[in-house]
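Shown next as C-alpha cells: one chain only, the form predicted on its own.
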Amino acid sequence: MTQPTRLPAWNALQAHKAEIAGLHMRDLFKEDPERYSRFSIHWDEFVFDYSKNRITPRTVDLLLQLARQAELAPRIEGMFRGDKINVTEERAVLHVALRNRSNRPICVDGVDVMPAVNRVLERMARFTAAVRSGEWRGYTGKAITDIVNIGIGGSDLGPRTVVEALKPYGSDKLRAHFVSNVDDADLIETVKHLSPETTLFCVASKTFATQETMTNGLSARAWLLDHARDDAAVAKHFVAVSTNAERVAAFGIDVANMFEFWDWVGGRYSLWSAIGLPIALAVGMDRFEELLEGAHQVDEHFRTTPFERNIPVLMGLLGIWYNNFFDAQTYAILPYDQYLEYLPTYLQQGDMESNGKTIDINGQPVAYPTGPVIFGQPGTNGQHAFYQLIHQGSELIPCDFIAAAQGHHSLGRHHEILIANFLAQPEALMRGKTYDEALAELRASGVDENDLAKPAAAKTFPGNKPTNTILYRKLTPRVLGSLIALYEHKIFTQGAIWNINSFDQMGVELGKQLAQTILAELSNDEPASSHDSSTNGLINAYKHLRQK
C-alpha cells in the first residue's frame, strides 16, 4: 500500500491548489447559480451542503481520483468483510457488525459473529426491561431510580454523548449519570445526592483492570457497602460490561449480569455494543435499536454509494483537501443543538485517537500531516467564545455546522433564532466583509468621515472560510445513529487515504506506564531521583505540599 504523496492525484491536487488559490467563494457563487445543487446531497432525512468550500468541479474530480488511487473501495469492503485491518494488533474492526440490522453474515476467522451480537442484544433487552419496569430491585426491595455508568474513554464518552442527546426520550423515573475521571471529586459529586438503595452501577471495562475505572468502581462498591453492610448487596447494584468473568466475579458481580463484547470492537467505536447499556436503560431498548438502525443505514450508504454521492467519503476528502493542501491543522464541529453538547468532545476522541498517527501501516514514518485538532461547542455559545478567531484569525479552520429543522420544544421563537444563527454563520464565513462594505456600513450608521479608517479596517475580514452544513429533520435516535456513523466513516476514509491504522492507540500507553512507576514512589516520603530533573522536582514538591 502506497503513501498518498506518491499517487498521481496527490501531485495533481498540489498543482490545482496553486491554480485556485486566488479564487474567492463569493465569486464562485456569482459565476455558478447552480452551485448549491451541484455541491449538496439530500439523503434520507439529511441535507449535506458542501458548496461553501474552496472547490470547483475539478477539485472534486481530483479528490475522487485520490480516493480511487488510494484503493479506498477495497479497504471499505475489507472492513465490512471482517478482514484484520487493525494490522498492529491483528484484529478485525467490526463496529458495523454491532448494528448490522440486515443480519447478513460477517465473519472473523471464518466464524459468523452475528449470532453472538444478537445474543448480547437479547440479553440487554431483557435486563433493560427488568430495570425499567421495576422488576429489578435493590437490596431493600426498592426499584432502581438512578444508573451510574463507570467507564473512561469510549466506555464513557459514547454512552454519555448519546444519553445527553436523547434526553427528550428519557424518563424522570430513571436518571443516568456518568463517572469517568479518577479524580475522586467526579464520583463524590455524582453519588452525594443518590440513594444506595435505588442506585445501579454499570462498570464498563473490557479487562476489568482499567486503573481509573476500577478505582472508581471499588470506591462505588465501598459507598454501597457503607450503607448495605452485606456483600450480597453488590450483585443487586452492580452489573459489568466486560470479557473478564474471573475479575467480575471477584468484584462481587454475578457473571449472569456481565455483558460481553469482543476484541474487534474498538473503545471509541463501542457505544453500539453492550457498552451502550446505559443508553438502553435511559431511553429503552427499542430506542437503542433505532439508534443502531440509523447507523446501519449510513453503513449501507457508505458501502454501496458511488463516491460522487457518498457523504462520508466527501467529508473525508474535503478534510484532506484542507489538512494536506491548505495546511489547516484544526477543525471545528459546531452543533446548533444543546442536546449535542458532548458531540464535539466525542468526535474529538474518535478522530484524534484514530488518526493522530505519524507511522503508516507499513511501519514507515509519514511525511505529511494526518489527523487535525478537533474542537467545538454548541452554537450559539461558541459564537461568543472562539468564532472571532475563525472569522478574522490568521489560521484557516474549516467547520461543520449541524442542526435540526425541528426542535423538541416550542418555546417562543428560540428555535428560529437558533437556526437563523446556524444559517448566518456559514454565510458570513464564506462572504466576509470588504473594506468598502465596512466603510459604507459605518457611514450609514453616522460615523464621522474623519473617524472611519480604523473601525473600517477592524470590521473587515476576508471570508472564503470553508464550511460544511449538515441539516436533518429532527434529532431522533435513528438520526443520531446516522449522524455519528457519518463521522465514523469520515475518519475511516481519511485514515485509509493517509495509509495509517486508525484503530490502534499506542500513544496512550507510555504515560500510563510511567504513572505506575510514579504512583509507587508517591507512597513514601523519600526524595525522588530516578527521573529527569523536572519530574523529580515536581514529585518532591508534591510530597512537600501534601504535608502542609
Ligand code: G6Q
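Quick caveat, the model's predicted, so the values are computed rather than measured. Numbers for residues come from their place in the sequence shown, where the first is 1.
Missing here is the form predicted together with the named molecule; even so, the following discussion is about that form.
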- Though only this chain appears here, would residue 353 touch the named molecule in the predicted complex if you measure heavy atom gaps against 4.5 Å? yes
- Item | Touches the named molecule in the predicted complex: residue 210 (any heavy atom, 4.5 Å) | yes
- Message: Residue-level question: is residue 465 within 4.5 Å of the named molecule in the predicted complex, judged on heavy atoms?
- Response: no
- Evaluate residue 152 for contact with the named molecule in the predicted complex, applying a 4.5 angstroms cut-off between non-hydrogen atoms, and reply yes or no. yes
- Task: Would you kindly say which of 59, 505, 51, 501 lies with a heavy atom within 4.5 Å of the named molecule in the predicted complex?
- Result: 505
- Query: the named molecule isn't shown here, but in the predicted complex which of 425, 349, 310, 100 has a heavy atom within 4.5 Å of it?
  - Reply: 349
- Only one of 439-447, 393-401, 198-206, 298-306 gets a heavy atom within 4.5 Å of the named molecule in the predicted complex; which is it? 198-206
